[in-house]
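Consider the single chain below, provided in C-alpha cells and representing the form predicted alone.
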Amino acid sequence: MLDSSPAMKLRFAPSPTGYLHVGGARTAIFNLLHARRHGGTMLLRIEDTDVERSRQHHAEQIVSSLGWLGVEWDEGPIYQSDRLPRYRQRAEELVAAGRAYRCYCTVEELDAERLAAERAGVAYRYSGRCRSVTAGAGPYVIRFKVEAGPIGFHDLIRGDVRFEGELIDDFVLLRSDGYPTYHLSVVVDDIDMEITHVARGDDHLSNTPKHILLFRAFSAEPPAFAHLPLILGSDRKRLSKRTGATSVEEYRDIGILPEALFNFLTLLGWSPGGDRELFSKEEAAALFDLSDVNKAPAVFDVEKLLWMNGQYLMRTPTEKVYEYLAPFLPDAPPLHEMRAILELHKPRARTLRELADQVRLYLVADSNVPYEAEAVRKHLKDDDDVRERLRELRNALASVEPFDVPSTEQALRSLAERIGVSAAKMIHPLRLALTGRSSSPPIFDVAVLLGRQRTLRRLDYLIDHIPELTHAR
C-alpha cells in the first residue's frame, strides 16, 4: 500500500526586525537537521509583515548569516510582504464562514475596557461586543471568534500540552490597515506551503493554541509542534549581551569558524550520545531528532565555544584556515609563505583574530615589534647583564650551521652552560626580542621561521634599545 502522508517539510521563519542572533540560528539548525534526518525539506520564510519594525537590510543580513553558518534551505527565501492579498482573502473567508467577524471598536473604547478590567482586578479580555454587529462605520479589524473548550496538542519536546479556549481572547487576524497579524500570516503560509513540522522557540508556546484553532477553522491538519527551550547564559539567567546573546555576524567577526559555531549551537539542548562533542553537520544530521531535544533550558558557555573553536582551528586544513584568515590579515603573503607559520600557530589560537595577532609578528618590520610592558619588566630587569648575554647569543646564532631548530637550541644551551647561567635567562629575552611577548610557541621554531637574518636584526634592535626600554618603565 502506498504511503499517502505528505513529505516532511519544515521551515525557518525569522522576522527581519534585527540581526540573526544565536537563538534564531539554533532554531534554524534544528529545523535543518530534523529535515535532513528524515529525508524532508526546509523552507526559509521571511516574516516581514510588521511594517514598523521590519527592515530589508536585516532580512539580507539574516540570509547572509545563514549562508555563512552553513544552513542550507531547499525553498525560499519567501517574503510574506509579497503575499498580502492572500492573507486578506483568507481572513474574509473566515468572516463568510462565521468563524471571524469585523470589529469596529475604537482605540478609546478598547482602552476603556482595559482600564475597567484593571480596576476590577481581573485579566483583560476583549468583551466580544462586535460579534453580533452585522454592519458598522469606520475602520475595522477582523477578529477570530474563539469558542470555549479544551485545545490540546502533543509537543515533540514537551509532551502533551493543554489550553482552555475560554481563556483566549478573540484575537485580531487582520489589522485596520489591511496587514495581517502574525497569527493569520503564519497559519496561512504553513497551510499553503505544506509545512508538516514547526520547531520554534518556546516563547511561541502561548501562540500555538490560537494557531491550532485557525488550522481547524481552515479545515487543515495542524503540523507537529516542537517548542525549543530557552538558552540561558553561564549565570543561569536569560541570555544577555554580556553572556553571549549576540548576532551570528559578531561571532564571525571575532574569528569563530562557521563549522565550530554550527557544532556548538547544535549541542545547546541536544547531544549525539556519549561524551562526543565534535562532529560535522552531516554526522549530526544522521542522528538528530526533535524529540530528543532536552526540555530543560540550555546554557550558552562562551568559554566552551572558544575551546571548541580552537579545536576546529587545530584540525582544519591549513589551506582553509588561510582562506578564513583573509579578513583579519588582508595583506598576508601567499599561502606558500604562510603555511609553516600557520601550522605552528593554529594549534595555539582560539579564534582567527587571535591567530592573526600571533601571525602578524612575522609580518611587521623587525624594528617595529611591539614589546609587552610586563615582559620587558620581567626579563630585562638586570639590563647590563642581559645585554651582554644577548650579544653573545647573537654572535652564536650568527655562526650556527645549519640554522634549524636543533642547532639553534644547542647553540643557546651550550652558551648558557659556558657562561654559567640557566638556559631560561637566555630563552626569555630571546622570546622578547623575536615576539615582544612573554609567551609564544617554542622560540627556536619561531627563530627558524623568521630566518637567521631577521632573528639577528630583532636581537640587534632589542640590544640597542634595552636602556630606553628599562628606563621607560
Ligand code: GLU
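Heads up: residue numbers just count along the shown sequence, starting at 1. It should be emphasised that the depicted structure is a prediction, and the values quoted were computed from it without experimental measurement.
Form predicted in complex with this ligand: not shown, discussed below.
Taking the partner as it appears in the model of the complex, which of 179-187, 368-376, 104-112, 388-396 has residues with heavy atoms within 4.5 Å of this ligand? Of the options given, it is 179-187.
- prompt: Does this ligand come within 4.5 Å of any heavy atom of E47 in the model of the complex?
  reply: E47: contacts this ligand in the model of the complex.
Would you classify K210 as touching this ligand in the model of the complex, given a 4.5 Å non-hydrogen atom cut-off? Close contact is absent here: in the model of the complex, K210 is far from this ligand, nothing within 4.5 Å, heavy atoms only.
| query | H204: heavy atom within 4.5 Å of this ligand in the model of the complex? | reply | Result yes; H204 sits at the interface with this ligand in the model of the complex.
query = Does L462 make contact with this ligand in the model of the complex, using a 4.5 Å heavy atom cut-off?
reply = The answer is no: L462 has no heavy atom within 4.5 Å of this ligand.
Using a 4.5 Å cut on heavy atoms, which of K281, H197, K346, R200 is close to this ligand in the model of the complex? If I apply the 4.5 Å criterion carefully, the residue I get is R200.
- Task: Scan 361-377 and note down the residues that get a heavy atom within 4.5 Å of this ligand in the model of the complex; none is a fine answer too.
- Result: None of them.
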